[in-house]
Structures are given as C-alpha cells and as structure tokens.
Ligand code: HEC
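Coming up is one lone chain in structure tokens, specifically the form predicted alone.
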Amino acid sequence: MKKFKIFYFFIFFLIVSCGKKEDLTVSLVNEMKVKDVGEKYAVEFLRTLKQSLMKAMNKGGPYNAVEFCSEKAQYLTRLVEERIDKGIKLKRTSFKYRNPLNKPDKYEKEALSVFEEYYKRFGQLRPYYVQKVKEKDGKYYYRYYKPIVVKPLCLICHGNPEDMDPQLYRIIKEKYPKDKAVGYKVGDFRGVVRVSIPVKVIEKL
C-alpha cells in the first residue's frame, strides 16, 4: 500500500509540474526599463556597424563592403558585447537573412511577425517590441527588438538582383549560396536588432 501511495504521489507531482506554466509576462515598469537599456545598446551596436561598413565602402567600394560583412560583422557584434560587459547579447535577424548565423529562433520569429503585421495594418513600423524568454542556457532574459529600415545605400547589396552589379551579386551568391536578403525597396522593413538583457540587470535598476 505504501508503494502505491508513493507511486500516485509521483504521478500527481508530474501532472502539477507539467501543467504549471512559466510566467513570461512583462510589467509596464519593466518594459520601460528594458526599452531604455535596449535602445541604448541597439543604437550603439548599429552605429558601430555603420561606421565600420562606411570605412570599408570608402576603402574599396561595395566589393570590400561584402568582404567586411562576411568576415567582420559577427566579430564586431562580439566586440560590442564585450564592451558592454553586462551579460547582454546582441544579434541582427530577419526572415530574409543573408548569413545563416542570423537565422531567427522561435522567439525572434514571433517578434518579426509582430513588426510585419503592424506594418501591414498601419503602414508604419512600431518603434520596438519587448519579450521575456528562457534561453538555451536556462536563464531568463528580456529581449528588446529595434526595427531596421531599408535605406537607399542598402540597395547596393540588398536591392533587386536584376538592378545590382552582376559581379557584386555573383560574389554575394558565392559567399552566401542560400542568401534571402534581396529584393528590398527603400523604406521596407529589413529586420531587427535584438538586445538580450539578463533579468537581473533590469531588476537592479
């Protein structure tokens, strides 16, 4: 009889544990904190990438810019993370990504869909989006997403392939055989910068 009681208690514990949902809601107060921190580092990240990209462009034109993106963009991402030094993680992602390392995970797909739906409905991009997630390391993070809009300069490497420099497009396809990041027009929603902020960082504010 004692064995049966232990068995039934174990089954009950499993049912209760499995049925319990994680609380991933974000309070308004924390959302504002995440917005302040996330916007600050998203802007810093984009500024660093833009400055380095422009240097590459000025030095060797679009061909050198492609070399920069393929060889240095991920390195610069890690460099900015180290400079911040708060356990904050950065990433650029899109449904139409070029580098496979920028492929969106399930949470990022949710965020991208929110931006796309908002854009379709209102004809403009929402300024940001916030989530609370449990990442692969088992830790909880707030994620801040800042939208990226296509600018005229972006079309050199991300526009209609028929309008692009044939040699440049050939180089892009060689480096990224499964490239999806073309066909854009000025003003299009390009993707997002994601800033993952450890929950403890926000709690200390």
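Model, not experiment: these values are computed from the prediction. From 1 onward, residues are counted along the sequence shown.
One more form of this protein should be noted, the form predicted together with the ligand, which is absent from this view; the next part is about it.
Enquirer: Using heavy atoms and a 4.5 Å cut-off, decide whether M32, G38 and K134 all contact the ligand in the predicted complex.
Expert: Zero of three within 4.5 Å in the predicted complex.
Enquirer: Report the residue, out of Y97, Y128, Y118, Y107, that has at least one non-hydrogen atom within 4.5 angstroms of the ligand in the predicted complex.
Expert: Only one listed residue qualifies here, and that residue is Y97.
Enquirer: Given that the ligand is not shown alongside this chain, does V43 nevertheless sit within 4.5 Å of it in the predicted complex, heavy atom to heavy atom?
Expert: No, V43 is distant from the partner.
Enquirer: Is R143 close enough to touch the ligand in the predicted complex, meaning at least one heavy atom pair within 4.5 Å?
Expert: Output for R143 is no: heavy atoms all beyond 4.5 Å of the ligand.
Enquirer: Please check if Y176 has a heavy atom lying within 4.5 Å of any heavy atom of the ligand in the predicted complex.
Expert: Y176: contacts the ligand in the predicted complex.
Enquirer: Whether V26 contacts the ligand in the predicted complex should be assessed with a 4.5 Å heavy atom distance threshold; does it?
Expert: Although the ligand is absent here, V26 would stay clear of it in the predicted complex, with no heavy atoms inside 4.5 Å.
Enquirer: Can you list, in sequence order, the residues from 47-80 that come within 4.5 Å of the ligand in the predicted complex, counting heavy atoms only?
Expert: Read in sequence order, the residues that approach the ligand (within 4.5 Å, in the predicted complex) are L53, M57, P62, A65, V66, C69, S70, A73, Q74.
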